[in-house]
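What follows is one chain in structure tokens, specifically the form predicted alone.
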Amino acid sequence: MTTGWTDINKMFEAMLLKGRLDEFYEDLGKSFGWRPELAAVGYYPRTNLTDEGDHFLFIAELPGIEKENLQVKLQGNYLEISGVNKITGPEGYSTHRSERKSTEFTRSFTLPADVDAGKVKATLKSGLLTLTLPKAEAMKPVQITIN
């Protein structure tokens, strides 16, 4: 059975309509400040959390943020990171183009177990915040021998 020209025309019309609708919604989103590159992560840094046995390893991408503009809070199994990325030009110079904006963020996480806050290690290097979060002694697995 062959497809008639009217069916092919309908198919192309449907594809063109979809393209027009996609453009319409993209333009509508731009008017409200939505940008596709922010859709997945918003204004929040991307993070990884892994269980390393006796501790958790938390890594957050924080490019351009100085450690003076970063706060890390921990209480039990609740972790909160917040910071400010201040974009400023050199004093005495005028700005000709500004695409990078100053941003603030706050993210909170509920960890799978309580953490020993006194033993946490934090480093900020090459835009990566790395937290080593030792599990609280009560949360660590204990091997029990059977008699």
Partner chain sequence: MEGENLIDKGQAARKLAKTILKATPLVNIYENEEEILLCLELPGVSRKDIKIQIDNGLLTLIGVRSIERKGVSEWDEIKDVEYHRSFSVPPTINTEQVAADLVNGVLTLRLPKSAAAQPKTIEINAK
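Basically, rigid core = biggest C-alpha set you can superpose within 1.5 Å across the two forms. Since the structure is predicted, the reported quantities are computational estimates derived from the model, not experimental observations. Numbering follows the first chain given and starts at 1.
Below: the form predicted together with its partner chain, not depicted.
With the partner left out here, if you bring back its partner chain in the predicted bound form, are 63, 87 and 110 all within 4.5 Å of it by some heavy atom? Verified in the predicted bound form; spot residues all in contact, yes.
Mark residue 52 yes when one of its heavy atoms lies within 4.5 Å of a heavy atom of its partner chain in the predicted bound form, and no otherwise. Close contact exists here: in the predicted bound form, residue 52 approaches its partner chain to within 4.5 Å, heavy atoms only.
Find out whether any non-hydrogen atom of residue 120 is located within 4.5 angstroms of its partner chain in the predicted bound form, and reply yes or no. So residue 120 does not count as contacting its partner chain.
Check whether residue 45 has any heavy atom within 4.5 Å of a heavy atom of its partner chain in the predicted bound form, and answer yes or no. Looking in the predicted bound form, residue contacts with its partner chain include residue 45, since a heavy atom lies within 4.5 Å.
Answer for residue 95 alone: is it within 4.5 Å of its partner chain in the predicted bound form, judged on heavy atom distances? Judged by the heavy-atom cut-off of 4.5 Å, residue 95 is in contact with its partner chain in the predicted bound form.
After the core is matched up, is the C-alpha of residue 89 off by 2 Å or more between the shown form and the other one? Comparing forms between the shown form and the other one, the residue 89 CA shifts at least 2 Å.
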